[in-house]
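Next up is one chain by itself, shown in structure tokens, the form predicted on its own.
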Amino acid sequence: MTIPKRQFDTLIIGAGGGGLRAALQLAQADASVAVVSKVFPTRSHTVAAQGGVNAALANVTEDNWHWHMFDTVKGSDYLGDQDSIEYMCRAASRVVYELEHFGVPFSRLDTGKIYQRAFGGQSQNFGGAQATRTCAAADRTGHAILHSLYQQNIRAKTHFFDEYFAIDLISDDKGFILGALVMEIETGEPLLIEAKSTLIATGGAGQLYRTTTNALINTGDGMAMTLRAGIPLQDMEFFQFHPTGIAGRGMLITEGVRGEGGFLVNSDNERFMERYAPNAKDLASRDIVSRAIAIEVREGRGCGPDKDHVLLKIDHLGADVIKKRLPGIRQSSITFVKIDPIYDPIPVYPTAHYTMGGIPTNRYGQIVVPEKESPEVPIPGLYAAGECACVSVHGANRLGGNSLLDILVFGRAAANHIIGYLKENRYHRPLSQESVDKAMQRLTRWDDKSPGESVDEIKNELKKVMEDHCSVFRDKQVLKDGIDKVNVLSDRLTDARLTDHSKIFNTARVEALELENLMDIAKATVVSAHAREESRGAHSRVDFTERDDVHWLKHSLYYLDGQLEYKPVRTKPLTVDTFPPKPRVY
């Protein structure tokens, strides 16, 4: 069949904060930009970020970027690349002021300056007193940022392909990535978008887990596309569980609640975080708080009739503070568990939240792959930014407030590098028809009307397997069983079909393609976790309880065929001294 084509300077896959920040930078530089999004852009998952974006503005307490850098390196359990972390923390203040000029309605102090709140893992003076670094728009910061960026892109005449699903990357005969095959979800019709440069900004893969803060759209599409293109995924064993999801439901209760003064209690009404993190207490890093809650429940100090959660108290803050600073959290609690936190505590338990691994990139947003002569070589014209990318600024554990910063800093950095790349690559390269045909086969495979197993059933089983075998605590046998079960599900997916095509919408085909993506991401996650025999950040092994910097201070690289390689952590910052690994206490 003849596939319609469109040509642009840059194709951006994903319309969250990373994609829109990059698109705006490019459009303002007069590049022709296409943004493909499987949902309307303001429904992208950035909209769900609540607590804020980190920047050492020092509006509330003394602060500077070097302290922010130390906290980020420490929070990463020393697996983060210190050159990228320095770049991000130094750029943070400028990025936030840019947002202010884009029209983001930040909450304000009485002085008129941007309001900042305390968040977990943040300190003054390299591990001293609690820092107040997170710039917030009440508890809807991501919502405010995404809407402002979308409006600015409309003004800049960015071209949007709303409700289009990216099938696969397209290359030429020399392996250059030159766009993607996409499908219009409404009609099921394919469209070939050719581009001189391509940026992947498709977000995370939280739908791997049954209980998650992530929307249904977070299925790791961009990560899976790069895997199929022969590019490895980095550090996929590190998946963050947010300590405070609504118990049994998973909806996010922002760390900003604890930043405003909320605290956790067990069934004995004890503020138990004082035992796990004597200094930071409820504002320790997320991996530490998540494990503490899991231990409290496991040892019988959970709350409720099933003793399966703990309680988050904010009633002492008073109605005025809750209504002003945490209105969305209050509404979520009332909606999902019929509890008004002005009067009663919120039941919470750790829930799948954030993919710290992803597509390996450098601080310019270029996707990089290892070669014998060099630990990383950029792929010309191919970029990634945001949660789907691994720069790596989060290492083994992301600090709250650094995710919004990550997408903004590296979305902008990728766009700036693309502008230079476009000046040197002014013309479209010819596509490989073989590459186009291969992508079309992936799309038409679901047109098969022969009998087969239900896609939904396999997806639900996958999410349960991941929750049972690759969660907050892990060990060798549990992970090995998880690998075996995921492989069985992968084989079953090969024979799955869409049932009763006469009643099927194209959304069902999209869900099948998403499950293919999730299956590859699941394998990457559980195989990488099984291989890493240490405890570091969010990867907590009960059979290897200590961090092992001698053998495991390195990034994992997972390939589509199941092979693992490793590369060194970049421990040398750009301009300052290295922060060497130390015991990580709060």
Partner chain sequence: MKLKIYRYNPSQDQKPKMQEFDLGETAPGMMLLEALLQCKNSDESLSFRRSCGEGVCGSDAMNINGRNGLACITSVADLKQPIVIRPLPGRPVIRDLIVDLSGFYQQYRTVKPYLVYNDPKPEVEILQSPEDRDELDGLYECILCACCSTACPSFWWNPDKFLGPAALLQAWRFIADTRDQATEERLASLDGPYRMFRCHTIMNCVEVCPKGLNPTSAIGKIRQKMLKQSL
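Positions refer to the first chain, counted from 1. Here the structure is a predicted model, which is why all the values come from computation and not from measurement.
Omitted here: the form predicted together with the partner chain. The next part is about that form.
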Interface check vs the partner chain in the model of the complex: of 181, 479, 292, 138, the one with a heavy atom inside 4.5 Å is 138
Select from the listed residues 436, 422, 283, 104 the one whose heavy atoms reach within 4.5 Å of the partner chain in the model of the complex. 104
What stretch, of 73-81, 284-292, 154-162, 346-354, brings heavy atoms to within 4.5 Å of the partner chain in the model of the complex? 154-162
Hey, in the model of the complex, does residue 374 get a heavy atom within 4.5 angstroms of the partner chain? no
Is residue 64 close to the partner chain in the model of the complex, meaning a heavy atom pair under 4.5 Å apart or at it? no
Might residue 336 be said to contact the partner chain in the model of the complex, defining contact as any heavy atom within 4.5 Å? yes
Using a 4.5 Å heavy atom cut-off, state whether residue 298 contacts the partner chain in the model of the complex. no
Can you tell me which residues in 252-281 come within 4.5 angstroms of the partner chain in the model of the complex, by heavy atoms? 252
